[in-house]
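Let's start with one chain on its own, the form predicted on its own, as structure tokens.
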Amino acid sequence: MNRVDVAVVGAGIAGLRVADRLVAAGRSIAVLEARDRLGGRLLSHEGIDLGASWFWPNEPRVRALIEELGVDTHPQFRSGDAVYEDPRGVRRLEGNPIDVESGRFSGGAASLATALANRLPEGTVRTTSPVTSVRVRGTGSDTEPWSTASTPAGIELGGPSIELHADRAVLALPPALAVERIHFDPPLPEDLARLAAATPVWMGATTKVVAVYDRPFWREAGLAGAGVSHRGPLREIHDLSGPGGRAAALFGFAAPLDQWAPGDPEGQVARQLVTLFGRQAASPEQLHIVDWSRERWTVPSRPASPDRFDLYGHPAWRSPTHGRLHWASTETSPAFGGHIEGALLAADLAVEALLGSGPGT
């Protein structure tokens, strides 16, 4: 199917939301995803979240989608004391001032993306299909379609490209990644290209570390699994266990790996967790270290300044570029930037603009 009404670039939760709503509105859709999986930053391994984890009570879109899709959730574990580490040592904090009321996906956050993708028509999503160029022919209400050229990674070297023709497109990926990886013809307006390049990718400069154990032993000691540390690689730690403590896990946020002390990242993590939670933390059954700054389909090679979150939801993202290209990622959302809720809001705004732009789009 190389001729569709709308092409969606990216099969993260925003791209899948766009596709789902447009299919329900009777449009023909193709979703092009560079990776060999769905979900984008919703990445789970055996139900353990290696990317996004949480949603919050004040987020209506994600909560409605959970109910609509029948996705199982459970509350973030918060009971017990937290720990705090600085150069003077480790202190136990009475109560848990670190965690707040939030929800988690019992099958991992990727289960939300999977459930949404499963109700799309077969063949809608094409994985291992990174979009390399977008050509716009005709603007506004002109009928001549624009086209994207997508090269599947498996035949990238010397192989033929797939050309997809559509009337409109939704760029459902971080703007900074889009302007680095995609050749636009005609070029994006200079001010928009500068804005996109300067907009940081949410969590793009973060390493997520997850240690999986046979049981949540920290709870037996009256600890919530929450901590803040100014020593060692992990800076903020939380309980990542599933319902009832199975599977049992702790996770922490850290800087990109190239900012860690040299050598043995696994050993550094284990030693810090022992310092914070005791000897039982020394030997996790699994230890996942995911440096999101090294994810080539999430973060550009020259990332933007990580503190320019004021650019999130910029009004420029509300207007279709060249009259045909719409933007939808958590970075372009006018609210809840960085959250799953923000990605869903950005997707809904793109869909509303598409459905209001005239018949056949």
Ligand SMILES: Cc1cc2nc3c(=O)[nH]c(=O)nc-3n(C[C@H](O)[C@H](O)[C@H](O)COP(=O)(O)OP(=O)(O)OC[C@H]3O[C@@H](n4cnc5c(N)ncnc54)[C@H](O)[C@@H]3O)c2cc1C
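Numbering starts at 1 and runs along the sequence shown. Not measured: the values here are computed from a predicted model.
Omitted from view is the form predicted in complex with the named molecule, to which the following refers.
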Original post:
Quick one: in the predicted bound form, does every one of A52, W292 and T330 get a heavy atom within 4.5 Å of the named molecule?
Top reply: yes
**OP:** Given that the partner is absent here, state which listed stretch (63-71, 25-33, 301-309, 317-325) has heavy atoms within 4.5 Å of the named molecule in the predicted bound form.
**Re:** 25-33
Subject >> Answer option from S241, S129, N96, S111, heavy atom within 4.5 Å of the named molecule in the predicted bound form >> reply: S129
Original post:
Just one of A172, L250, A196, A169 has a heavy atom within 4.5 Å of the named molecule in the predicted bound form. Which one?
Top reply: A172
Subject >> Residue contact check: V351 to the named molecule in the predicted bound form, 4.5 Å heavy atom >> reply: no
Original post:
in the predicted bound form, does R21 have a heavy atom within 4.5 Å of the named molecule?
Top reply: no
Original post:
How about W202: is it within 4.5 Å of the named molecule in the predicted bound form, going by heavy atoms?
Top reply: yes
Original post:
Within a 4.5 Å heavy atom cut-off, is I182 in contact with the named molecule in the predicted bound form?
Top reply: yes
**OP:** For the stretch 314-340, return the residues whose heavy atoms include at least one within 4.5 Å of the named molecule in the predicted bound form, in the order they occur.
**Re:** S329, T330, G338, H339, I340
